[in-house]
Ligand SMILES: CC(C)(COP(=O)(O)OP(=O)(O)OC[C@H]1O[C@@H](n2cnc3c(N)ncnc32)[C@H](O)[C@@H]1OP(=O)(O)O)[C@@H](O)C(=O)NCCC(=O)NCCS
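Quick heads-up: it's one chain on its own, the form predicted on its own, in structure tokens.
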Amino acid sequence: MIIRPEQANDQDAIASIVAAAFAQAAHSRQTEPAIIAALRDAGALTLSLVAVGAGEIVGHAAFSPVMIDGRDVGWHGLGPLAVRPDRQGQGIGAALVREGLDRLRASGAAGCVVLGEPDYYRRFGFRNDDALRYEGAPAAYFMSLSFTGHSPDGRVEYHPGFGAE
């Protein structure tokens, strides 16, 4: 398996994988493909990585800038993260997350936030942080990872593309 940046001809495969991965997710409004398209159209995908196995795209991870109290402080959000259902549980999602976090660090990003399953994301160093708040979600599921050893204090806002339908 290789992980590489998204290419223009990957968009349909990404949308298909993301839709399939979230189809049975109780917390999903089934808008994840539209979110990725909106972020892409707005030029707000800091990283859009695909996992390719046996010549096919089997996973995708999106990273986009977040604002904290209305300011750009060099932090990003991870998500959506998706792996084709028949390939889940094989470490593909973990490989995408690790590669994305490594690339963010190398680019000089200050940190990353994620809204997701705590038991899954803690393995990458994400932790709950009372200083960073995201409205509308249980606090236990919103986590952060500072690359600098310092976390800002404030309310996190994802890109407006996350409102896509």
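What you are looking at is a predicted structure, and each value in this text was computed from that prediction instead of being measured. Numbering starts at 1 and follows the sequence shown.
Heads up, the form predicted in complex with this ligand isn't pictured, but that's what we're talking about next.
Does residue 14 make contact with this ligand in the predicted complex, using a 4.5 Å heavy atom cut-off? No, residue 14 sits far enough from this ligand in the predicted complex that none of its heavy atoms falls within 4.5 Å.
I'd like to know if residue 122 sits close to this ligand in the predicted complex, meaning any non-hydrogen atom pair within 4.5 angstroms. Outside the cut-off, so no.
Any non-hydrogen atom of residue 74 within 4.5 angstroms of this ligand in the predicted complex: Outside the cut-off, so no.
Can you tell me if residue 22 lies within 4.5 angstroms of this ligand in the predicted complex, counting non-hydrogen atoms only? Judged by the heavy-atom cut-off of 4.5 Å, residue 22 is in contact with this ligand in the predicted complex.
So which of 102, 69, 117, 41 gets a non-hydrogen atom within 4.5 Å of this ligand in the predicted complex? It is 117 that has a heavy atom within 4.5 Å of the partner.
With the partner left out here, which residues of 88 to 111 have a non-hydrogen atom within 4.5 Å of this ligand in the predicted complex? Going through 88 to 111 in order - heavy atoms within 4.5 Å of this ligand in the predicted complex - the hits are 88, 89, 90, 91, 92, 93, 94.
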